[in-house]
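Okay, here we've got a single chain as structure tokens, the form predicted alone, with questions on binding and movement later.
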């Protein structure tokens, strides 16, 4: 078994293969020069804590040895030969596989505008990226973040916590356009503005110049923003080039069937790099979320070993914004009926019902103790394809757990 990519999907798959009874060789290939680690702290704890906490490992060297997983770190795969069932590494070495799992993840989308070579720019995806940003953001440092999505807002919160002055520039009409409904986005925006972040929506960046050791962000309307650091957070691009070169089907990620197999039955995929059909929504989706990657990796491993089970976990995502949490279960789509539940000082919930009355999405923003349990119950309702009434969902006095009966 060969696994390309050592993030949460690849690492969980390697462990699941061994624990699932595979006795043969397992090779896990990662392109970073460190052990597999958690991604969420990259935009949070690593940027905020006074001393560098170091990466939070997904697996220790001792555990890898115990499971007899061969970990090739700092290695890239050059090509896949599907006829010969081999992969070729960048140093020319070849590995044969019985089954191959692609967990190649995604990379930050880059700006398609003129950027001066001397400007100080950063994207955030890896632990090394986080350390580079951490070294710059400090008191009296001016940070401009291009993109009002999750990564941009998490970096904004972390930078403000370190005493930096932060401006977020979002080209769209509001924050988090593709991720949360407009009312929820307004709550999050208000929290950031109360914390001192300056937010500009409808702000199209035309170019980035360099001036006296700083970056000058030039907007389409002629306004400029000076920055000690510009962080670009305008989305992610799935890493499909290796799969595409091997002739696998690609459409908004590596195309999978319901068991996470690619168009080649010997090759599976999992995580941010792939799209798959989801029975709850009747459509093909691609998810960029830590829990999905971890669970999908384990599910792919089970199917490689013959389980043949459809992957239909309810999507779930979380993001820390200062002392509050945002959690999403399912898909919150504008075309579905929205029902709000006001938790007062503890936060706000929004539920989404599709045409046949089923709950298909829920999101909440507020204190962790109040939001987490509500979203967990909503996730279970979504998974069971239940259709609670709007009146029941709206009533904060009604325990959502009762709707599971």
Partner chain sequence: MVACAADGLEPEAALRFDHGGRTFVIARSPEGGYFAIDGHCSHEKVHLADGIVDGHIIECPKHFGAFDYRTGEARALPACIDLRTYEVKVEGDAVFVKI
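Numbering follows the first chain given and starts at 1. Remember, predicted model here, so these are calculated numbers, not experimental data.
There is another form of this protein, the form predicted together with its partner chain, and it is not shown here; the text below is about that form.
A.B. asks: Would you please decide whether residue 336 lies within 4.5 angstroms of its partner chain in the predicted complex, comparing each non-hydrogen atom pair?
C.D. replies: Residue 336: no contact with its partner chain in the predicted complex.
A.B. asks: Is there any non-hydrogen atom of residue 376 lying within 4.5 Å of its partner chain in the predicted complex?
C.D. replies: Within the cut-off, so yes.
A.B. asks: Taking heavy atoms only, is residue 372 within 4.5 angstroms of its partner chain in the predicted complex?
C.D. replies: Contact with its partner chain, yes.
A.B. asks: Just to confirm, residue 295 within 4.5 Å of its partner chain in the predicted complex by heavy atoms?
C.D. replies: The answer is yes: residue 295 has a heavy atom within 4.5 Å of its partner chain.
A.B. asks: Report whether all of 48, 154 and 365 sit within 4.5 Å of its partner chain in the predicted complex, measuring from non-hydrogen atoms.
C.D. replies: Answer is no for this spot.
A.B. asks: Report the stretch among 201 to 209, 137 to 145, 319 to 327, 165 to 173 that approaches its partner chain in the predicted complex to within 4.5 Å, counting heavy atoms only.
C.D. replies: Comparing against its partner chain in the predicted complex, the contact stretch is 319 to 327.
A.B. asks: Go through 291, 125, 109, 214 and name the one with a heavy atom inside 4.5 Å of its partner chain in the predicted complex.
C.D. replies: Selected option: 291.
A.B. asks: Can you pick the one in 35, 64, 380, 27 that has a heavy atom within 4.5 Å of its partner chain in the predicted complex?
C.D. replies: That would be 380.
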